[in-house]
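Next up: just one chain, as structure tokens, the form predicted alone.
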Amino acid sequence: MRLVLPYNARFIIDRLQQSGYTCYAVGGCVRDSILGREPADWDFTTSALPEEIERVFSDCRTLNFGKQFGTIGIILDNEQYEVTTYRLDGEYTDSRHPDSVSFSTSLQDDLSRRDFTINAMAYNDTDGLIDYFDGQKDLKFGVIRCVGVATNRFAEDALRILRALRFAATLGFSIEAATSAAILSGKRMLSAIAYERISDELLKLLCGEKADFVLRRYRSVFAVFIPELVGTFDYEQNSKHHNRDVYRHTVAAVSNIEPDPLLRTTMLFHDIGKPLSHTTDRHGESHYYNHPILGAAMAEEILRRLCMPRLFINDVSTLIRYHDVRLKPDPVVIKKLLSKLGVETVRRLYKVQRADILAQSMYQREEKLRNLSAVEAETERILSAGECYNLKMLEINGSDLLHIGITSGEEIGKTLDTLLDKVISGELSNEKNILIAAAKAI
């Protein structure tokens, strides 16, 4: 098999080979190249020691941040490439990093320490594809399989558990039986992993095409670092609007929305407050009043724990808080929503509501979808017509109010809010002379 290497990748391999060392592209870049995907980055493994790598590339800018682990960064055309000496890892007492590494002269030694067979292949144009662990076969048949003994690989670095699930979700692969069993038996080791590392893998996983299967099959794994999800497992909703328990509805909603990290995270947590807000009416039907408010608070706490960015947390929380709002194609209602949330959030909200509806039962589904489409159409009409829905669009501002003698900042704010409400409701036209007259009257 011959892979197409970019110029800089060939340059690195050729330079080391011409200097008397062996060098190969390795890992994810080889996997993606075989799959016909554009690799996000290129990594290399070599027989050269770190000092020898530095000497071979002495005319290039190099970084030695990982030198103790055998890695030298090489900067070419403002891109960083990592070149690592063949190595064997020592014990992993922190379930993250090896306590020590020892350099090797064997490519097979280096590949044997890697996580999955599909990531344990190496390539250069001279020797072609080096595949000691049948990674190419696993790629062909769509299988995630650990190199060697699965329990050992996960004990070395428990994050590999989530990496296996992420690859299954993003590549649409199945997980080999022994690897799957090791994931389920070793899931508690994830509690020792830093939340920053977990959140990065989680967001990638959620955006996978097969995220729904992984979320269902391995739900107990996610419960290790998001225990709040457990309450939704097998929680029947007892409502004609739903034909799935809360968690299965959640997973269906995740798969119904585009693979955007913000939107998929929103769907993962949109109904997490339901079990804690459950009430039953005199007819025996269940209700979940205020579950969006409770869910938004819970999601905010979870995402803070997972060290997500503040803006991301705020956006998810807002979408959850409003996801169950019953909207209608009324321009006044929509303009008030636009004023409160902004255009981008409102458009996201409609996507969230559509994904939610599609994950519900068939009861009134078509009616709900028709209404949502009408709301979306009216929103776009308002926006394309440039109709006023926020203070920036008012044909009057604080300076205008100062000129007519309103000097208190508080009064200016109240007056502008009142004028905006009247414009949105249609009581006043958004014309400066009319608004000034109304302000004087106020």
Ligand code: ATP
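Just so it is clear, the model here is predicted, and its values are computed rather than measured. We number the residues from 1 along the sequence you see.
The same protein has a further form, the form predicted in complex with the named molecule, not shown here; the description that follows concerns it.
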Heavy atom within 4.5 Å of the named molecule in the predicted complex - residue from Glu54, Glu387, Asp400, Asp43
Asp43
Contacting member of Arg348, Lys187, Arg160, His323, with respect to the named molecule in the predicted complex [4.5 Å, heavy atom]
Arg160
Is the named molecule in the predicted complex close enough to Asn119, Arg166 and Lys204 that every residue in that trio has a heavy atom within 4.5 angstroms of it?
yes
Answer with yes or no whether Asp32 is in contact with the named molecule in the predicted complex, where contact means some heavy atom within 4.5 Å.
yes
Heavy atoms within 4.5 Å of the named molecule in the predicted complex: does Arg113 have any?
yes
Although the named molecule is absent from this view, report whether Gly27 comes within 4.5 Å of it in the predicted complex, heavy atoms only.
yes
Only one of these stretches, 35-43, 54-62, 373-381, 404-412, has heavy atoms within 4.5 Å of the named molecule in the predicted complex; which one is it?
35-43
